[in-house]
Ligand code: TRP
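One chain follows as structure tokens, the form predicted alone.
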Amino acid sequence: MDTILTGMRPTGALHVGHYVGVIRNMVALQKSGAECYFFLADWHAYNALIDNVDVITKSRYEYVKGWIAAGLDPKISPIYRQSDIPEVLMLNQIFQCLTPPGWADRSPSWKDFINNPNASRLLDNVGFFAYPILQAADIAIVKGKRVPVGADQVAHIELAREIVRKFNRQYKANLPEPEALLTTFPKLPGTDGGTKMSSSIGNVISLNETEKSLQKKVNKMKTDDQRGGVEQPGNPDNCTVYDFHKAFSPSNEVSLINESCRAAGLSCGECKMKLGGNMKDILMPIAERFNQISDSDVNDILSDGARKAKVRTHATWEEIKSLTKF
């Protein structure tokens, strides 16, 4: 059975964009019976938040609560902090010594940073430059074979494959070469129609909204600004509400909304009420479970997850030590 590794960087508020793009997929993978490892990538988060590590600590609790509330079972798959696994950093050191700088320089994330004049200058550090190498160590230390990622992360998994392949050649080893497991749903926009949800902007819907706060945020969502009024046809392709319908509404209802909007048979207000109802059906049970999980529960889950993960990571490291004669 292939081992699957996936995780998230705890860098801010957990929101429905995370749920649709990552968490829902994590739950499905676990339910499929696959051997899964789920981790909080706090060393990766440190690259971006070296001046504000309290955010990482706060997010750590919020993320685990959200994962469990959405359906992950820590009794089936380890849930752990990256920083609780020392073998990750040890293998990262070996991988860094095997990786030419030109390989890391190909990282799409690094290219985006150096080409974006508005990017945070805090990312201008060797840790962020070399983070795909650390990602390779995250994967290899649990002998991960498949890694769920979006299309923008495929190049990083290809780099991990090259690093693992070079390690295997160098030391006559047999670590699995990781493969990208593409996620199928695109990123949700912010409620303001922006391309990205961000707690700093305030365009997010969290996983522990109340019914009232959820509907209020839906009601404020951006719709087709070219539509002249309810008697005029609209264009769902220009509507943030429709983007959310595709994520939270049944497919037959999504098709009907598309047709009704284009035929001026559905007002924006009615469309938002339908969306709010569908989102409540999915998110309110999650919010209820979320609020029942304490910080102490999270500490116990992470402690137990690290203990379970170390069974694999320690065994892998012992193999690597023997092969490298280090």
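Since the model is a prediction, treat every value here as computed from it, not as a measurement. A residue's number is simply how far along the shown sequence it sits, counting from 1.
Only in words, not in the display: the form predicted together with the named molecule, which the text now covers.
> Check for me whether the named molecule, as it appears in the model of the complex, comes within 4.5 angstroms of all of 244, 261 and 275 - heavy atoms only.
Contact check failed for every one of 244, 261 and 275.
> Give me the residue from 85, 139, 79, 163 that has a heavy atom within 4.5 Å of the named molecule in the model of the complex.
Of 85, 139, 79, 163, the residue with a heavy atom within 4.5 Å of the named molecule in the model of the complex is 139.
> Consider the chain as shown here, without its partner, and state which of 99, 219, 199, 153 has a heavy atom within 4.5 Å of the named molecule in the model of the complex.
By the 4.5 Å criterion, the partner-contacting residue is 153.
> For the chain shown here without its partner, which stretch in 38 to 46, 65 to 73, 23 to 31, 51 to 59 has non-hydrogen atoms within 4.5 angstroms of the named molecule in the model of the complex?
Answer to the contact question: 38 to 46.
> So in the model of the complex, does residue 147 come within 4.5 Å of the named molecule, heavy atom to heavy atom?
Taking the distances in the model of the complex, the answer for residue 147 is yes, it comes within 4.5 Å of the named molecule.
> Taking 4.5 angstroms as the cut-off for heavy atoms, does residue 135 touch the named molecule in the model of the complex?
Judged by the heavy-atom cut-off of 4.5 Å, residue 135 is in contact with the named molecule in the model of the complex.
> Can any non-hydrogen atom of residue 131 be found within 4.5 angstroms of the named molecule in the model of the complex?
Although the named molecule is absent here, residue 131 would touch it in the model of the complex, with heavy atoms inside 4.5 Å.
> Wondering, does residue 4 line up within 4.5 Å of the named molecule in the model of the complex on heavy atoms?
Residue 4: no contact with the named molecule in the model of the complex.
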